[in-house]
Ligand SMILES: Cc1cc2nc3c(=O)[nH]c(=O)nc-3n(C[C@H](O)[C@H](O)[C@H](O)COP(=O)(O)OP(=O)(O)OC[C@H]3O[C@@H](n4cnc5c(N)ncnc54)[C@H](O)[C@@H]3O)c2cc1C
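In structure tokens, the next block holds one chain alone, the form predicted on its own.
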């Protein structure tokens, strides 16, 4: 008898509890393990080109670790997984539990199909240090505010890393080729993918994590781990990071733990409120406050292209275009600009991020957008509107970040780069501001006051 390890968002061999159980099941009958990845058409078709390209590289890296024996099949998991189980004479299929709305539906459907075939779907672990739904208040209700959630999450604690599987045999089965990707060739330059690359980057970053609390808001510095991409695909588990952080004392490690807690809080919110993927949890503006489509479309295009005339905003959007990633502080600024300066609903910005970001994850992406838009549970108040000039001056004080990503402004030194419109001679090739921040801030605040008055 064999067992199946169904890889999803856990593209790694180490610290993978589901894989450990698959290996133990196989060993009990002197069998082997099938490592399976299903190219789910319903997800493949909705994923942006940068993320699909990265996934291909990550699957290649995983297969290399497995001696080239990763089995890739394309189709509906409810059909594909039972088919592979029959081919392999498998009695069990092992997975890490999914908690996002689509994943829960997919697993319920697949479990039923496997049950009909006499095969058991066994879930062990998840993509989180503490699975969504486990951290509850004393009254047994989910937390609606981050700070008390973080306190309870820290008190709850998490298991130690699960370790590596024992020696076993990977069973080779016919595998589908990956479908072609419609790549125009101007996408981002991808970082190295896979578990080994993720572990290497993390080990190197541990030497700098002590300064994380001081430098994490500075996009002009290479001061963050970039580990969000590896976490998205499960090339490394947060439990591994948390274990390593125990050896690093101080505020830097504490701040990094808090960022991981935010990730788990957002997953918990989506678990309890699945509609948050598409719908504001707290409506804050009248319906007539958003820009009409004939205005929203060109402004959304200028924003996405990094041509708003606000250098800090444009630098962030161009970084996204070139790297498939954007600094976290800048993500907040560009999101605030779209929603509160351009009056475009957060869902449209979130969709663009989902299309472009290598680390795009439904819970993190949608709930972070709702935080900026002021519509989430633990929300930044709607009247907190990021000033795109002051954000640049504060977090890119010498303008190095802007000059890196906006070459039209490279001849402007110091903080003057954040306000090129003040120069006697406008920079060649750089657009004028598409809106006046002060004026649009007032429009947003007036709409907010109308909503409060009812």
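Positions refer to the first chain, counted from 1. From a predicted model like this one, the values you see are computed outputs, not experimental measurements.
Here the subject shifts to the form predicted in complex with the named molecule, a form of this protein not shown in this document.
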With the partner omitted here, the residue among 291, 332, 78, 242 that in the model of the complex has a heavy atom within 4.5 Å of the named molecule is 332
Which residue among 175, 123, 131, 228 has a heavy atom within 4.5 angstroms of the named molecule in the model of the complex? 228
When the contact criterion is heavy atoms within 4.5 Å, does residue 357 count as touching the named molecule in the model of the complex? yes
Contact test in the model of the complex: residue 162 vs the named molecule, heavy atoms, 4.5 Å: no
Does any heavy atom of residue 212 come within 4.5 Å of a heavy atom of the named molecule in the model of the complex? yes
Given that the partner is absent here, does residue 369 sit within 4.5 Å of the named molecule in the model of the complex, heavy atoms only? yes
Every residue in 266, 326 and 365 with a non-hydrogen atom within 4.5 Å of the named molecule in the model of the complex? yes
Just to confirm the contact call: exactly one of 106 to 114, 256 to 264, 164 to 172, 304 to 312 touches the named molecule in the model of the complex at a 4.5 Å heavy atom cutoff, so which is it? 256 to 264
